[in-house]
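Below you will find one chain, with nothing else, as structure tokens; this is the form predicted on its own, and questions on how it binds or moves follow later.
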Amino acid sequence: MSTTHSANLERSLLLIPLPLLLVVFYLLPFLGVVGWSFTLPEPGIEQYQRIATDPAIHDMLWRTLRLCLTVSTLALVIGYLLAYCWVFSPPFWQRMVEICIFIPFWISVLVRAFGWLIALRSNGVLNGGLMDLGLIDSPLQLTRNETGVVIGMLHFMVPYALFPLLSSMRQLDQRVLLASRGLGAGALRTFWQVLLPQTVPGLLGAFIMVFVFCLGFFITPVLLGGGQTVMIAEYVFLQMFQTSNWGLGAALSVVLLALVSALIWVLLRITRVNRLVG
């Protein structure tokens, strides 16, 4: 009995540092941010009232939501194709997918953003190639707008969409797909009625990861948007460090965290995404 009690005590002591670290480095700072949102510049709910009524903030929030939804949808499509190729293709194409995913994945987001900035600018590689081929007469405006931001964010987020989808597809019993084909179903019908329904948890899990990460994007919109495509993370930075409006920045941070937490809770309840790692 004493041995069991001692073992339980040791396990408890090993686990204690984790909640302590969360409290010290996450909960306490967050409570400080909440306090700023109600006390700066004056005590009250003025900052939350401004969020609810300011058209400029509404435009920024709608832009953030629109870009996040666009990137999440495109990342799901590309990630699904790559995951399908990875699971069902011959070894050569599996290695090609791995190279295309992992090599960029190891590169810093800042380096990737600068790379896209160079490639997409008016005299960049993409515009130069299109003009050499005679497809366009003048350079396309691919930076300092939402197009460049979507391209840069999408390049970074595809792996985060791929991994949940890959986990979901690897759990499939491929004999079910073979049975569908053996019973006379074509490839398209097998996909729509057999493969796709069984990978819905992976799709929703990928959507959660991509959408939540997109909400906090900062470097890519700053560089590729050029101040013309301000998302919520950049807006919070501007309020706190350029206009010194710490109260509004803190209130926006609280609203963002509440939105993300609610979204994750609802989708986890619906999809049981935690089973994806099983």
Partner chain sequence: MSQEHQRDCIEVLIEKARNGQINRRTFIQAMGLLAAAPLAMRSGISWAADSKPLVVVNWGGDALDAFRRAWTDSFSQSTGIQVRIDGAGPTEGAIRSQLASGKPSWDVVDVDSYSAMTLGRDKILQPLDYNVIQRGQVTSGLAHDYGIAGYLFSYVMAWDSEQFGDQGPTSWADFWNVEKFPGKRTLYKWMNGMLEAALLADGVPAGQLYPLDVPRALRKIDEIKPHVLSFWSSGAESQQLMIEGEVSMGAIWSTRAKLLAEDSEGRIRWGYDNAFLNASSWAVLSDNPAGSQEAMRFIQHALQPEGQLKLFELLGNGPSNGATQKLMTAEQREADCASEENFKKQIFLNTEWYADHYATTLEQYLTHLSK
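Residue numbers count along the first chain shown, from 1. Here the structure is a predicted model, which is why all the values come from computation and not from measurement.
There is another form of this protein, the form predicted together with its partner chain, and it is not shown here; the text below is about that form.
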In the predicted bound form, the residue from Met240, Ile219, Val212, Val33 with a non-hydrogen atom within 4.5 Å of its partner chain is Met240
Its partner chain in the predicted bound form has a heavy atom of only one listed residue within 4.5 Å, and of Ser122, Ser108, Gln174, Gln193 that residue is Ser122
In contact with its partner chain in the predicted bound form (heavy atoms, 4.5 Å), from 92 to 100, 75 to 83, 140 to 148, 163 to 171, is stretch 140 to 148
Mark Glu42 yes when one of its heavy atoms lies within 4.5 Å of a heavy atom of its partner chain in the predicted bound form, and no otherwise. no
At the 4.5 Å heavy atom threshold, is Tyr48 in contact with its partner chain in the predicted bound form? no
| field | its partner chain contact at Trp246 in the predicted bound form, heavy atom, 4.5 Å | value | yes
Note to self: Taking any heavy atom pair closer than or equal to 4.5 Å as contact, tell me whether Pro29 reaches its partner chain in the predicted bound form.
What the structure shows: no
